[in-house]
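The chain that follows stands alone, in the form predicted on its own, written as structure tokens.
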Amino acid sequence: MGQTLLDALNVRLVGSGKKFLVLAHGFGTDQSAWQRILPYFLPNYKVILYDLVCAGSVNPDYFDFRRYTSLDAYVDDLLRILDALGVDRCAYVGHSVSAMIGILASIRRPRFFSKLILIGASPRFLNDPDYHGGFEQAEIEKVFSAMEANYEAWVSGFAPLAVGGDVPAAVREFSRTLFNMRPDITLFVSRTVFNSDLRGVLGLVRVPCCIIQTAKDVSVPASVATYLESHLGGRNTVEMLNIEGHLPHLSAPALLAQVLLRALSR
């Protein structure tokens, strides 16, 4: 990247507290996804926000198709941001793919992280004989084909399914950030995420984890939360939200904020 990583990924440090808290957004969004959650944390935390390199809010020229072939490159970005800010200890909230990025980062540097809070996390999206990830390979390929054939139509169909329930404002917001992404980058990242399998490293995590899962999520079956609880290597808890959707920070921010505050206080 021609400019510094902090500038390129729109890193912000806000809040008046002493403890560091990272809010890391998931696939198809950017850091604006946290805007309704953020006020709850400003009095007591220094909140670190940034955009994944694939986000539509980042100059697409920074997305290196040779580098971002696995989640490890995203982990590198996160750790470089924390180093550049002088952070030596933080709590981490990661949504969707950023939940898995946080898991990998904590394996590399366990002393960096006091707690991981994982929202809508999945170590593997594809089904296996002894594991229910939610998707068959043929289903995933259909999704990729739909994205390639007509990106606008795919977004228009996917956004309401992902949000779940009847929350038009959240659908509009998620659609906006999906449309901001360059379609070829969206497809490339989707392939990377859907083909990832992190089940084999979960036991290496020693940081306490709180797994937050909605009751009905088109992307992640509720059983995956139980799988994570039993396979992550640290002390783990699960918070099941009695709502629909993969993006509770967009569809039910007040509810999610209270759950996050409770998890951080433990």
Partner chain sequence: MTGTSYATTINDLPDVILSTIISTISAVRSRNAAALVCRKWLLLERSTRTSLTLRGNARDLFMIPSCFRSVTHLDLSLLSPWGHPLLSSSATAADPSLVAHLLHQAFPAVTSLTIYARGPSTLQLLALHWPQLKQVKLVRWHQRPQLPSGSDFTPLFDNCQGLNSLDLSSFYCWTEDICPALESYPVISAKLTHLNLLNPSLSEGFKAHELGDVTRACPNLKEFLVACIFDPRYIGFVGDETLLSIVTNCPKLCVLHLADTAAMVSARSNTNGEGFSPEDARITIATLIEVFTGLPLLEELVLDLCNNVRESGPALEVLNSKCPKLRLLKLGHFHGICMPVESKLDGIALCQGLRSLSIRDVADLTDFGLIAIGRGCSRLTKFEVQGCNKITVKGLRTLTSLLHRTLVDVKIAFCKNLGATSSLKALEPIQHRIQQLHIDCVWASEEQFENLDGGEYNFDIYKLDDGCDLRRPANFMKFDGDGTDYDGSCPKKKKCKVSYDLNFSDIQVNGNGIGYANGSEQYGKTWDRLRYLSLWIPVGELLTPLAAAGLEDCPYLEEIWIKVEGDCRHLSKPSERDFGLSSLFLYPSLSKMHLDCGDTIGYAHTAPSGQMDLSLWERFYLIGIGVLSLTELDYWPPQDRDVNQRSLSLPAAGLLQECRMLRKLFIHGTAHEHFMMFLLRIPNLRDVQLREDYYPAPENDMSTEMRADSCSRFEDALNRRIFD
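Note that the coordinates shown come from a computational prediction; the quantities given were computed from them, not determined experimentally. Positions refer to the first chain, counted from 1. We call the rigid core the largest set of C-alpha positions that still match within 1.5 Å between the two forms.
What follows is about the form predicted together with the partner chain, which we do not show.
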item: Interface residue in the model of the complex among Val75, Ile81, Val189, Ala159, criterion: non-hydrogen atom within 4.5 angstroms of the partner chain; value: Ala159
item: Listed residue (Ser223, Thr69, Thr237, Asn59) with a non-hydrogen atom within 4.5 angstroms of the partner chain in the model of the complex; value: Asn59
item: Check all three, Gln35, Asp51 and Trp154, heavy atom within 4.5 Å of the partner chain in the model of the complex; value: yes
item: Heavy atom of Phe144 within 4.5 Å of the partner chain in the model of the complex; value: no
item: is_contact(Ala24, the partner chain) in the model of the complex, heavy atom dist at most 4.5 Å; value: no
item: Touches the partner chain in the model of the complex: Leu256 (any heavy atom, 4.5 Å); value: no
item: Partner proximity in the model of the complex: Asp166 to the partner chain, non-hydrogen atom cutoff 4.5 Å; value: yes
item: Which of 114-122, 98-106, 83-91, 170-178 sits within 4.5 Å of the partner chain in the model of the complex, heavy atom basis; value: 170-178
item: Residues from 228-256 in contact with the partner chain (non-hydrogen atom within 4.5 Å) in the model of the complex; value: Glu244, Leu247, Leu250, Ser251
item: Yes/no, Ala99 Cα shift of 2 Å or more between the shown form and the other one with rigid core fixed; value: no
item: Did Val189 shift 2 Å or more between the shown form and the other one, C-alpha, core superposed; value: no
item: After fitting the core, Gly164 CA displacement of 2 Å or more between the shown form and the other one; value: yes
item: Cα distance between Ser156 and His25, which in the model of the complex differs by 3 Å or more from this form, closer or farther; value: farther
item: Pair Pro160/Gln31, Cα separation in the model of the complex versus the displayed form, closer or farther by 3 angstroms or more; value: farther
